[in-house]
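Consider the single chain below, provided in structure tokens and representing the form predicted on its own.
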Amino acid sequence: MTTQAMDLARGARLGATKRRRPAFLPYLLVLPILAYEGVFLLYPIYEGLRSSLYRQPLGRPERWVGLANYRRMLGDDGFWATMGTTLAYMAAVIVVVLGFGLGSALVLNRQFRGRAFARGLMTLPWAFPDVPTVLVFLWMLNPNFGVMNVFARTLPWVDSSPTWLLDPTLAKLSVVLITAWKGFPFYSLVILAALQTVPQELAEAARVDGASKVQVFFAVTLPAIAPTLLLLTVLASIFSFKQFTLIWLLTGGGPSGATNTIVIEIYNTAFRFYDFSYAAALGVAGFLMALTIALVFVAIQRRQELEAG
């Protein structure tokens, strides 16, 4: 038998051995991920669902109550007010953060001296921890010596120092703007990456046909980055829906419940009033709300993909 034939026979035997050997490596690689998801995601969801069906008085054994917590929740006017506040806050954050992100990405996509430095500087709000960020803004918004009052008093219709975090309307506006300031660099960088994938040939062809910069943006650029904007809308909705630290440290849900989102309500119910079963029911409601929003956006994206295909 020649050397070539022997090599072919040896290769055939090795191939047969590999085919008979179970491929355990892919399962071993995915096992840590499945274990992590099961322990830190699926089990807490199960515990929350189970706890919402019981009543758990502090220091006493839990007692099965079925859907009583949900009936209480649906009949509570405060719950619906909290959900309305949550949706309004989430919608405002989405609009502001995507507006800031898109505007800054369009600026940073242009050629100018110092662009790399400007891109790095823009990421600073995203890099700051939440607690120092809140401390800085609490100082800036202080009604007695805050720097924001210096700018506010330059406006002709402002004749006194605004109480930024004590007035319900101003508190809502402040919380939305601070949340957007903290998160917009991430969205700006993602949009900037999407802008750099827009085919320049289409934009040049539109300019040759006489289209203005605004027309080029709406006819070429915006459709090209629309899938990215849709994805970022989902991320912004989730980011704002689960926001706790900034709201809690800035206003604690006040004044008069003006910034009391579902996450703040869950915390207060569980750790201030020790009503853990009702807090679990509120958590399930919040989970279903977030899941519904995500599924709606996924369905919209799927429909757009089918229409494009």
Partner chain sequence: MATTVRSGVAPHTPSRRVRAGRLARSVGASVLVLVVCLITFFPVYWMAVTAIQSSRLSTVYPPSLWPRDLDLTAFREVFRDEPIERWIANSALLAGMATILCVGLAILGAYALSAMRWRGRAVFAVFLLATQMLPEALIIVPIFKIYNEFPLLGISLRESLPGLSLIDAAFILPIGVWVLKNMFDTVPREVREAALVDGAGPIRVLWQIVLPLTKPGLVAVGVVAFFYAWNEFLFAQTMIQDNAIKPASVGLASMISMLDTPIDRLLAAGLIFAIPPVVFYVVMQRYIVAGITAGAVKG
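Definition used throughout: the rigid core is the maximal C-alpha set that superposes within 1.5 Å between two forms. The structure presented is a predicted model; accordingly, all values stated were derived computationally and were not measured. Residue numbers count along the first chain shown, from 1.
Below, we refer to the form predicted in complex with the partner chain, which is not included among the displayed structures.
| message | Within 4.5 Å, heavy atoms only, one stretch in 127-135, 215-223, 75-83, 89-97 touches the partner chain in the predicted complex. Which? | response | Comparing against the partner chain in the predicted complex, the contact stretch is 127-135.
| task | With heavy atoms only and a cut-off of 4.5 Å, decide whether E305 touches the partner chain in the predicted complex. | result | Looking in the predicted complex, residue contacts with the partner chain include E305, since a heavy atom lies within 4.5 Å.
| said: in the predicted complex, does T163 come within 4.5 Å of the partner chain, counting heavy atoms only? | reply: No, T163 is distant from the partner.
| message | So, G48 and the partner chain: in the predicted complex, are they within 4.5 Å at any heavy atom pair? | response | So G48 counts as contacting the partner chain.
| Heavy atoms within 4.5 Å of the partner chain in the predicted complex: does Y36 have any? | So Y36 counts as contacting the partner chain.
| Which residues from 237-270 come close to the partner chain in the predicted complex, meaning a heavy atom within 4.5 Å? | Residues within 4.5 Å: I238, F241, K242, F244, T245, W248, L249, V263, I266, Y267, A270.
| query | Any CA movement of 2 Å or more for A285 between this form and the one not shown, core superposed? | reply | For A285, whose C-alpha is compared between this form and the one not shown after core superposition, the shift is less than 2 Å.
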